[in-house]
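In structure tokens, the next block holds one chain alone, the form predicted on its own.
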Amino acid sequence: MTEPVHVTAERIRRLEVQGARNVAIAAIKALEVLAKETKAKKRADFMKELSDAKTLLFASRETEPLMRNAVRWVISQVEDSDERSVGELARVISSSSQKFQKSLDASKERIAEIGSKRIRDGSVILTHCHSSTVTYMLSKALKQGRKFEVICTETRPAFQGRITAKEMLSLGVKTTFMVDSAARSFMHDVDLIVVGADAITSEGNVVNKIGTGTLAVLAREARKPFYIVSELLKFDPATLHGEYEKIEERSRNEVWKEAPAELNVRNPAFDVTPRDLIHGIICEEGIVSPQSVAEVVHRVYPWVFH
């Protein structure tokens, strides 16, 4: 297997590549490089390389269905191809990767167009962690002439909220930054909450950065609308067959590097927000209820279920 697949998998594992969309694009670009640099002479050998690459990339981040769906789709295009020569199969990888990226760009544009309509003039919006889809949606609302404020959580322990805060400031948006545990103190000042997603389960529950579920509970208490902004391809088909979405637990050093050795430090990277706390999922097909998301995915992306 070529070096770029190993390097990409390690960069994903170390959080050097962040955001589900960026992780998915990095993974399929690694497949492109593998295809260009392969020394395989036979189709079977090339397919084995792709299978090994898939295993390595999947293992790099447990909670990344968008990446897994992207890799599965690109490789499926090779499996379904009648081409026998490795050179032609490599071109299938390249064209499929580029097609998938264009599809992601189109879905991002559509999501922003739909979601920006929920941003009203004078709104105060609370968000958590960093989602390129959320920030793009907010930038779209800004371009449409709406003026609003954003409150960002810092998002411990990796502080991804700082990325969101800097992006909002660069757009000229009035931005407030707070520690995660201050969310309840600000909830009554907020008009709506918008967050991204790392995974959507078959039941319509959403897996996202740790702390998201807490915000959803606080939003329910304050009677504030809580929206998920996500591509439908973050749907995890494995959850249809009884599997739970895996919650990655990361190194204790991210939380407290100099912690006493005998101290038990836990660092779950994600939590699950129950569908009953979610007003709607803003996706490329519109604003859909969490309860109907599996049906919508089946209609738009039937290959996900194969």
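Start at 1 and count along the sequence shown; that's the residue number. What you are looking at is a predicted structure, and each value in this text was computed from that prediction instead of being measured.
Omitted from view is the form predicted together with a small molecule, to which the following refers.
Checking Ser97, Asn208, Thr153, Thr201 for any heavy atom within 4.5 Å of the small molecule in the predicted complex turns up a single hit: Asn208.
Only one of the listed residues (Val74, Leu215, Leu232, Ala197) places a non-hydrogen atom within 4.5 angstroms of the small molecule in the predicted complex, and that residue is Ala197. Interface residue remark: Arg275 is not counted as part of the site for the small molecule in the predicted complex, having no heavy atom within 4.5 Å.
Using a 4.5 angstroms limit between non-hydrogen atoms, Gly19 touches the small molecule in the predicted complex. Gln160 belongs to the set of residues with a heavy atom inside 4.5 Å of the small molecule in the predicted complex. Taking non-hydrogen atoms only, His279 never approaches the small molecule to within 4.5 angstroms in the predicted complex.
Contact annotation: the small molecule lies within 4.5 Å of heavy atoms from the stretch 125 to 133 in the predicted complex, the single such stretch among 125 to 133, 74 to 82, 88 to 96, 215 to 223. For the three residues Arg118, Val190 and Tyr227, a heavy atom within 4.5 Å of the small molecule turns up in the predicted complex in no case.
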